[in-house]
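Shown below, as structure tokens, is a lone chain in the form predicted alone; questions about how it binds or moves come after it.
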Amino acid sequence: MPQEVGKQYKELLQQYIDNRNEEDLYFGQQFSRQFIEKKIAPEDVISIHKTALAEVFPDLPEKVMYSFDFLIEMMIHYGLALREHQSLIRKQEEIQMEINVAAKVQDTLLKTKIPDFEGIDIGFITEPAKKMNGDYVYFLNDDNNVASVALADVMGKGIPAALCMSMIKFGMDSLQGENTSPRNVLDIVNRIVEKSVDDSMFISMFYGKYDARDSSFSYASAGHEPALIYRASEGGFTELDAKGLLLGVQPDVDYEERSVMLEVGDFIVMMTDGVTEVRTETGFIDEGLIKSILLEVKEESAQSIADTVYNRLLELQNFHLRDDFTIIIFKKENDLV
């Protein structure tokens, strides 16, 4: 313990006790910097104070002095806990910085462009519950008449989920020039995922393909949430379900492919479970709620429909997403001329 520091501290303490004014407190605050500069630990500061107090008040009861010994022991353990806490905070900050960089890389790598051609209106919204998104949307525009979309959902969060998304993107990018029928696409992506992704990661995927020449929408599913089709002529919804295992479970899977015809005003809704399994304070929402929201805005654009569903369900969750949220709308506008 530096004697000079102890001597100066005693003088400041004596001065404050005699005067008890703001100026003396200010001098004390400024003097505290010396403790930091000389790397004096908090428990040593208390020891300096105890020694100074004993000299200023030599008749102070011995029991009062014992209380400082108690405080010194507390400060020793407090200092250790504080250093450990600060170390954890630094590590968390480093991890957060890495996640922020990874999220930016993910946004760059997984960007996709919505196909734009006459006859079909496409809208979508995808929002991660945290920094990294476990949902993935990929649009493929084969030609001026065909628009395809892949919607995947990794059953996990964070960087491992983002790496799985990269594998799916790799699989989708490899489809150039390949047969892009839904069942073939899922077969190709499944083989890539099965070889590249850890067994503990499970991925569901829905793939749909709209052909404007005959207004057909063909689709296949790898254990994904069924899409919905709204029939304007009937004013109701039907599920678009197809059999197929999750991606990566086994290399050889026979994915079922089905097809429906779209009429003007019909639209298809593709979602992840972050939409269908929204949870509020009272429990999970009923599927009928999503359908009722869709019916309210069925006459609006595809993007407006997607935005409305997102905003309504976000409000029900007190504006805090509990899971990654993705919804895609394919709406039939008119026939090609």
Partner chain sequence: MGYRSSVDIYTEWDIVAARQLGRNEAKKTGFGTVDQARITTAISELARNIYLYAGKGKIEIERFSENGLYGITIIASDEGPGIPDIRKVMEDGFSTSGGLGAGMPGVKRLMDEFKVHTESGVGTNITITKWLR
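Just so it is clear, the structure is predicted and the values come from calculations on it, not from any experiment. Positions refer to the first chain, counted from 1. Under this definition, the rigid core comprises the largest set of C-alpha atoms superposing within 1.5 Å between the forms.
This protein has a second form, the form predicted in complex with its partner chain, left out of what is shown; the following refers to that one.
Screening 232-240, 84-92, 128-136, 145-153 for residues having heavy atoms within 4.5 Å of its partner chain in the predicted bound form returns a single hit, 84-92. Between its partner chain and the residues 43, 55, 296, 287, the one pair within 4.5 Å by heavy atoms in the predicted bound form involves 43.
In summary, among the residues 263, 118, 73, 194, the only one with a non-hydrogen atom within 4.5 Å of its partner chain in the predicted bound form is 73.
The closest non-hydrogen atom of residue 47 lies within 4.5 Å of its partner chain in the predicted bound form. Although the partner is absent from this view, residue 77 contacts its partner chain in the predicted bound form, with a non-hydrogen atom inside 4.5 angstroms. Its partner chain is not drawn, but in the predicted bound form it has no heavy atom within 4.5 Å of residue 300. With a 4.5 Å cutoff on heavy atoms, residue 69 counts as touching its partner chain in the predicted bound form. Residues of 312-328 placing a heavy atom within 4.5 Å of its partner chain in the predicted bound form: none. Relative to the superposed core, residue 301 undergoes a C-alpha shift smaller than 2 Å between this form and the one not shown.
Superposition of the core reveals a Cα shift of 2 Å or more for residue 48 between this form and the one not shown.
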